[in-house]
Every structure is written in C-alpha cells, then in structure tokens.
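Coming up is one lone chain in structure tokens, specifically the form predicted on its own.
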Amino acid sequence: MSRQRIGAEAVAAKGWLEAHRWLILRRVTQLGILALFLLGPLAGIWIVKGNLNYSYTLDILPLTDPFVALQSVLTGHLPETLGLVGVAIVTLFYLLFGGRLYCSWVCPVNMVTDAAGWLRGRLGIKGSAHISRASRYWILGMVLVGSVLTGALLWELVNPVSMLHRGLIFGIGAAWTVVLAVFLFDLFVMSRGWCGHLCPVGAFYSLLGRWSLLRVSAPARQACNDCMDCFEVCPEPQVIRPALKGEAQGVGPVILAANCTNCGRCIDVCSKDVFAFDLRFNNPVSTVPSAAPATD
C-alpha cells in the first residue's frame, strides 16, 4: 500500500481537479438537490415541493421513493395515482442507472458519513467494530415486517435523511441527534458502518438496481500498480476485487456487484486510469474456463 496520502499519485499524474472530478460532481448534485427542497420552505421559491420521500417538481413531475411506497402498501395504504406514477419513474431510473446511485449521488447523509470517514483518517483512528454487511438486509426485512404488523411507516420514525431535512428547516433539535449519532458511529465505532452495514435504504436500492445498465468497470486493469487507493476510498471495497483481479478466473472487468454505489471515487484516485463508467454488457471475459461470480 502506498505510504503517501490516498490519491496523491492521481493528483500528481492527472492534476487535483481531474483527481476529484466525480467527487465534486457528487457534492454539487447532493447540495443542489438539497437546495431545491429547501428553497420552498426557507425562501418561498417552490421549484420542488415535498422531500426525498415524495416530491412534485414544477407542478409537473412526481417522484416517489419506492421504499417508502412499499412500506405504505404493507401498512394497507395504496399510494394515489400521482404517487404510483412517481414510483414508476424513480424505479425505472434506478433500474437503468443503478439503485445505489441514490446512496452516493442523492442522499445527504452520505456527506455526513464521508465527513466522518475523512476525519477518521486525519485523526488516525484505528480499529473498528465488526458487523456483517448482511445486517442491512436483515434490518430491511425487519422494517418491512414491522410495517405490516404495526400499520406504520417504521423507517420514517428514525430515518436520518428525513430528520436532516427537518433539522435544516426548523433548526437544531432532537432530529439532529440521530444525524450526529450516525456521524459519531462512523467516526469512532465502525468505519463506513452506517451506509455499508446498517442502512436498510441502501440494501433496498441494491436489490432494486441489481441488474442496472450503468456500471463502473476496470477496462485497463492490466495497468493496475497495486497502490490500493481504490480499495481505500471505496465505500464497498469488497466489490472491486472480482473485476480488478479476476481476469485469470475468467471474470470480466465490469463491477456487477449490487452494492457498488457508482460513486466514481475509484476512477478519481487511480493514477493509471484503470477505471471508467461503462455498460454492464460491455464485459468481455478471458478464455479461462471457470468464471467466478461477482460478490457483494
């Protein structure tokens, strides 16, 4: 592993801006989406009404979170027509571009957990609790079963995203304690713990976008110099190895694992330009007979 700061080789080879291109675009997107939601209640400019659960843009475009809609159906409440149209639009989008695109490009809590990860590295905090990555799927299942049994949208009682929105609009209060808890958990208890091991929203979207078209690929994997920077910055580092190192086993260069967030950080920090965005079908494999499946 490189002894210098993560991404330093990429900055030296490509320049700072190119080595942070996708990170900058993600932040602009996340902050832009958040600003659109806040313009109405804070400035009276109603371009977008609602929140990430359900929104109505320019009084034309309905968008509905499929996870919230599913919970609603399980409680016995079918969304109205506009809500169902919104579900269809959002579902189609994530089927094409990747369900966990929500986690890295839309969800504002991603900025909170990324900040915790950045500070954790700067402070040199070592060690981490161990919680299986499969835990998020168990939590997802419990949320859905709980919605059936209680008739309530259980996740919305503790959803950090909704609480962050309310906190930004109405000021510091109890809502901020949940967001702060997520930050402190990722900082002191478990690296990438919330998004990578516990959040049921990420689990749901990984299932929704499992067969999506847009993927990160490693078309120039032969150029890899084993600096390990991509593994260090990836929020789901277990998804990289099959595509990056699986050529001898007949595995193609496209990352097919459902939990890849399409964040593009591996593209940014690679000084050899090993990674790029591509389509899942552009995935040539070697002639080695035994092909190993991608893992989550």
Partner chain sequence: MKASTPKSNAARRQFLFDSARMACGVGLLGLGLGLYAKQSRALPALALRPPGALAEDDFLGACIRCGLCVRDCPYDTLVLAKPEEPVATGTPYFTARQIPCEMCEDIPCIKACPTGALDHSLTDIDEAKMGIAVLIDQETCLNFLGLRCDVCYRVCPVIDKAITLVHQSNQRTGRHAMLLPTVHSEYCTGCGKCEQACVLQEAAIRVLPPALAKGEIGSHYRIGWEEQKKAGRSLIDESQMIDMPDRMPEGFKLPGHYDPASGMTEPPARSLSSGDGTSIPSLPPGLGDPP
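Residue numbers count along the first chain shown, from 1. None of these values were measured; they are calculated from a predicted model.
The same protein has a further form, the form predicted in complex with the partner chain, not shown here; the description that follows concerns it.
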{"property": "Interface stretch in the predicted bound form with the partner chain - options 180 to 188, 128 to 136, 105 to 113, 92 to 100, non-hydrogen atom within 4.5 Å", "result": "128 to 136"}
{"property": "Heavy atom of K49 within 4.5 Å of the partner chain in the predicted bound form", "result": "yes"}
{"property": "Contact flag, V161 vs the partner chain in the predicted bound form, heavy atom cut 4.5 Å", "result": "no"}
{"property": "4.5 Å heavy atom contact, Y56 to the partner chain in the predicted bound form", "result": "yes"}
{"property": "R221, heavy atom within 4.5 angstroms of the partner chain in the predicted bound form", "result": "no"}
{"property": "Complete contact of G117, C234 and R241 with the partner chain in the predicted bound form (any heavy atom, 4.5 Å)", "result": "no"}
{"property": "In the predicted bound form, the one of A152, L207, A88, V145 near the partner chain [non-hydrogen atom within 4.5 angstroms]", "result": "A152"}
{"property": "Interface residue in the predicted bound form among C227, V68, C263, V254, criterion: non-hydrogen atom within 4.5 angstroms of the partner chain", "result": "V68"}
{"property": "Heavy atom contacts to the partner chain in the predicted bound form at 4.5 Å, residues of 247 to 273 in sequence order", "result": "none"}
